[in-house]
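Quick heads-up: it's one chain on its own, the form predicted on its own, in structure tokens.
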């Protein structure tokens, strides 16, 4: 019964969000577009990093690859095929990276993923300068802001459905054991490496598609735009604020933080990075498990 009510409420909210661009001014459509993008990124990030507790800073590597795939192929392939190519490239890249590195843990994995994002950015920059003799790409597709927003909204809905389905599956049960103690989970017969690889590939493919869908928004892209490390840090902070272990946690964290970041970047553009770092430290110290977990703890405290 509760599941049916939750689905009904979610469907109603999705329908309202879908018609919002037909009512709202163009500026607020742009805000919704950016917000939906980060909700999807944070939810996809939490698919892997939430249950495994592997903190990934490779978000922008996959995001940028998706955007650049659209920039390179948009003039030679139909748009749906371009998105399929972007998803395929993201999937293959995630498989290679996952098979190579998912045996790492802790700070080593964090350092590797941060280095991966920089490696991909530098590789793309080198290719553009030395092979194609350019430093950017134009993306001419017949999409306005609301078209991009609707695509992101559909991807966000699919991402939530995937997260919900995984949580209710046998993989979800295995993830609970894996998150508590990976060694114990392995001794219990759980194929830890395969589960981590599966989640990493699903998460990275979705992140790649977010970058691909948003590429037409910029018209002109270059490595400094689509491989901006701020994307990785903002995604991480949003997921942690809401609670990466909860289905709705990334949404709860992404919406207020995106609005706050929009205001801060407009009012304090020179100090935005400092404020971003301070917020990250505050969240880690005050609410390490997220807002939703904090609310649950307060409820339990009142009941006792």
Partner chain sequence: MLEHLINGLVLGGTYALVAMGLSLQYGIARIMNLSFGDTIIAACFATYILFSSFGINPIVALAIILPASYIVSLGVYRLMMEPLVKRAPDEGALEVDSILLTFGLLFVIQGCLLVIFGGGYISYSFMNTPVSVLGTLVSGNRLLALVLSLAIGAALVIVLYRTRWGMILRAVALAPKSAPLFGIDTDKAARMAFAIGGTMAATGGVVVSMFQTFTATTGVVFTMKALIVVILGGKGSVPGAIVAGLLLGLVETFVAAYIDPGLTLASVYTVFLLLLLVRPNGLFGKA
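Just so it is clear, the structure is predicted and the values come from calculations on it, not from any experiment. Positions refer to the first chain, counted from 1.
Although not depicted, the form predicted in complex with the partner chain is the subject of the following passage.
S.K.: Which of 98-106, 155-163, 200-208, 76-84 has heavy atoms within 4.5 Å of the partner chain in the model of the complex?
M.R.: That would be stretch 98-106.
S.K.: Contact between residue 247 and the partner chain in the model of the complex at 4.5 Å, heavy atoms?
M.R.: Judged by the heavy-atom cut-off of 4.5 Å, residue 247 is well away from the partner chain in the model of the complex.
S.K.: Evaluate residue 236 for contact with the partner chain in the model of the complex, applying a 4.5 angstroms cut-off between non-hydrogen atoms, and reply yes or no.
M.R.: Output for residue 236 is yes: heavy atoms within 4.5 Å of the partner chain.
S.K.: Does the partner chain come within 4.5 Å of any heavy atom of residue 255 in the model of the complex?
M.R.: It does not: once the partner chain is placed as it appears in the model of the complex, residue 255 has no heavy atom within 4.5 Å of it.
S.K.: Please tell me whether any heavy atom belonging to residue 240 falls inside 4.5 Å of a heavy atom of the partner chain, as the geometry stands in the model of the complex.
M.R.: Although the partner chain is absent here, residue 240 would touch it in the model of the complex, with heavy atoms inside 4.5 Å.
S.K.: Going by the partner chain in the model of the complex, which residues of 86-119 come within 4.5 Å of it through any heavy atom?
M.R.: 100, 101, 103, 104, 107, 108, 110, 111, 112, 114, 115, 116, 118, 119 sit within 4.5 Å of the partner.
S.K.: Against the shown form, C-alpha atoms of residue 106 and residue 198 in the model of the complex: closer or farther, for a change of 3 Å or more?
M.R.: Compared with this form, residue 106 and residue 198 lie closer in the model of the complex.
S.K.: Work out the direction of the Cα-Cα change for residue 280 and residue 105 in the model of the complex: closer or farther than in this form? It's 3 angstroms or more.
M.R.: Farther apart in the model of the complex, by 3 Å or more.
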